[in-house]
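Next up: just one chain, as structure tokens, the form predicted on its own.
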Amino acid sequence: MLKSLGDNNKIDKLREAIASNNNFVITCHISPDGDAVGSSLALCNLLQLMGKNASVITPDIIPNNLSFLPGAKDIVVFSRYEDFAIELINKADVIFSLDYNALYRVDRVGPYINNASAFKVMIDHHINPEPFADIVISHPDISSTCALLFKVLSELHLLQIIDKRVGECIFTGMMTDTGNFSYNSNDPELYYIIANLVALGVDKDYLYARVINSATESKIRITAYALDQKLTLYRDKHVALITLTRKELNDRHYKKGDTESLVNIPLKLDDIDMSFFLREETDYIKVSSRSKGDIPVNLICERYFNGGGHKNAAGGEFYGTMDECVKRFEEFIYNNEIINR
């Protein structure tokens, strides 16, 4: 059994919003990961099973290793189909915001969501949600938005509708946001949800092979280069840093998703307790971080990199050059007591 979310009034309003409307748009954050894509496609597939018109809009393209998920081929990428995406947003009765807590996290999609007349629903597990939605279902204690979505669907009495397609999307988000259940994954309810999904026919071994245990040639070459040439170990602080510039990525034919999980690798070293990866985008530096034990990288990302997340897995952005970002990184590791063993 699942514990109640304690959001009964919000669940009632959400039930009414779904029942009384027909046009739905589902959005997720920029650089969508497995949890963002999984939760969005799960909800989209479910609404379509209910006979609703539902579309997923992402700010940019999804990683290649998630493109096989049910419904992924129908995602409307804002950066490619801006006019169509805006039309869908303007016609929507209800807009869902999944796996993000602030409109800046959807990049150029944000103002259109903010100005839309649609009823807005946030379902998210990040701290400090902004109050832009009519319903905010926020539970930072839950390891993934996909796990939270499953609980929401349970309280909406919609679990009997979900099928294998929905289940594959939910499992993928749960798996990727816990590093294949290697962190933030000690909640017994996770395994209750997994049992229900497997009972639907979800093949978790297949999903692991497709999402986690597969790679493009460019990913392998980028990983090898990053670990051999771009890994710095601050052993006195038990911290690892990997940096990759846009030129270094482009020279190795980078594709979306090629650096997924790269930040996890240095944590395999016994004397490294925290790992950071800085990836240069067009106009900012994407920051990813992981940690062991009680080191709260979410607080570090919130304080220094305009981000947040979970205690052992977090991220953020830095608006400046790679050299400036590395300088900021080194300032905090040498001046902040939070990372001392």
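As the structure is a computational prediction, the values presented were derived from the model and not from experiment. Residue indices: 1-based, along the sequence shown.
Absent from the display: the form predicted together with ligand 5GP. The rest refers to it.
A.B. asks: Only one of these stretches, 97-105, 189-197, 204-212, 158-166, has heavy atoms within 4.5 Å of ligand 5GP in the predicted bound form; which one is it?
C.D. replies: Correct option: 97-105.
A.B. asks: From the list His238, Lys120, Lys219, His126, which entry has a heavy atom within 4.5 Å of ligand 5GP in the predicted bound form?
C.D. replies: Of the listed residues, the single hit is His126.
A.B. asks: Among the candidate residues Leu47, Ile295, Ala313, Ile62, which is the single one with a non-hydrogen atom no more than 4.5 Å from ligand 5GP in the predicted bound form?
C.D. replies: By the 4.5 Å heavy-atom cutoff, the listed residue in contact is Ala313.
A.B. asks: Taking the shortest heavy atom distance, is Glu317 within 4.5 Å of ligand 5GP in the predicted bound form?
C.D. replies: Yes.
A.B. asks: Heavy atoms within 4.5 Å of ligand 5GP in the predicted bound form: does Asp33 have any?
C.D. replies: The answer is yes: Asp33 has a heavy atom within 4.5 Å of ligand 5GP.
A.B. asks: Against ligand 5GP in the predicted bound form, would Ser288 count as a contact residue? Criterion: heavy atoms within 4.5 Å.
C.D. replies: Output for Ser288 is yes: heavy atoms within 4.5 Å of ligand 5GP.
A.B. asks: Given a 4.5 Å distance limit between heavy atoms, list every residue of 183-197 close to ligand 5GP in the predicted bound form, or none if there are none.
C.D. replies: Going through 183-197 in order - heavy atoms within 4.5 Å of ligand 5GP in the predicted bound form - there are no hits.
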